[in-house]
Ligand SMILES: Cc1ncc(COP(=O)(O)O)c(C=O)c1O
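Form predicted on its own, single chain, as structure tokens, below.
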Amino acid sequence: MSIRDTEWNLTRLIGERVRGLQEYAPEPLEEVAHRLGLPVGGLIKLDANENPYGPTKHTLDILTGYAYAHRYPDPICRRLRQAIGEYLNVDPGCILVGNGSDELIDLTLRLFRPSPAGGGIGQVIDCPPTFGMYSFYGVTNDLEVIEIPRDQDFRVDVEGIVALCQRDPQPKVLFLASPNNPDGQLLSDAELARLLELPLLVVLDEAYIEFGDAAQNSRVGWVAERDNLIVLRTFSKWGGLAGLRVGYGVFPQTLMTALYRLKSPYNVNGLAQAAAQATLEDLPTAQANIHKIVAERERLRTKLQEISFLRIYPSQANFLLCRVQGMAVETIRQAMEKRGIILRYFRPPLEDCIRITVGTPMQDEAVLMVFRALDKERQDGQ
């Protein structure tokens, strides 16, 4: 009898950190259509903050004519980093491109994960409600995740973070999104400046920054002056490339050698690199789509404010968060899905909230029609 025969049980060998994780597997459109008994083309998908206009025509032409699928891509994205550097007016040598910004969240935490040989940061600060991947990758990298919740208006508890650092001054990684997901509000300059004075590595996620005044609100220019700030960006939202997974980060120069040692060799495929570069080559068209989304966001916000059971949060992103008051969220979900409209719903503590991705005017009108009908039924029943 071998040693393997006596003790081998793979499930018992799975790391304990996995047991508490929840699988992230949103329902694909085909499955949603099958569940609702509707054709895929009849669905209005406004649940994932995607760009309703998709890639620019120039980008689509590049994708259609891509001739290098049989070749390995540039492992360090030289031409794309140069184009991003020109777009942001930062040194391309401080830019790292990833398979979505998710990979860069994971890579940053792997870079600082404590090692038996020494070094590392053992704690991550998460400020929920926010993007779930910060805590997810903290757990998967065996780091202690410390939650400092936002207040009821989604403001960061800066004083709570300061107090934590005073009690326990060991270095920590702090993740913050600006604009934040799910509410769409910005972190102020004063708040960020104060946090950067603490023993923290601040990772600022600017996935939605293009939907506000990016030139004024982005902090990519701060990175060169501070050795404890990383800024993440993405092509998924404004560029309409969510399916191709292209994110990037602006890092302190001192981290670049270690990051390149650690990252996967061919982490960004060639098609994705070509599409992102094409988007930057056609900025006027991409920015015109952004302007349409922002204008539609403001129109939609104004119309939603007329619905008696909704409270709308201010947003600098491509979505609006609504708090439902005086009506069951499940009633709204059923009414929306009956008409093929897919919105974003939440678990506690946001079980009374709905997030609506800004779509085309026609798509948003379909949403408003359902809300108006529900509002009329509610008022008629009072």
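Quick note: we count residues from 1 along the sequence shown, nothing fancier. Only a predicted model underlies this, so the values are computations on that prediction, with no experimental measurement involved.
Only in words, not in the display: the form predicted together with this ligand, which the text now covers.
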query	finding
In the predicted bound form, segment of 74 to 82, 89 to 97, 173 to 181, 148 to 156 with a heavy atom within 4.5 Å of this ligand	173 to 181
is_contact(K263, this ligand) in the predicted bound form, heavy atom dist at most 4.5 Å	no
D205 within 4.5 Å of this ligand in the predicted bound form, heavy atoms	yes
Contact test in the predicted bound form: F131 vs this ligand, heavy atoms, 4.5 Å	yes
Heavy atom of T108 within 4.5 Å of this ligand in the predicted bound form	no
This ligand: the contacting residue among D126, D102, D282, E296 in the predicted bound form [heavy atom, 4.5 Å]	D102
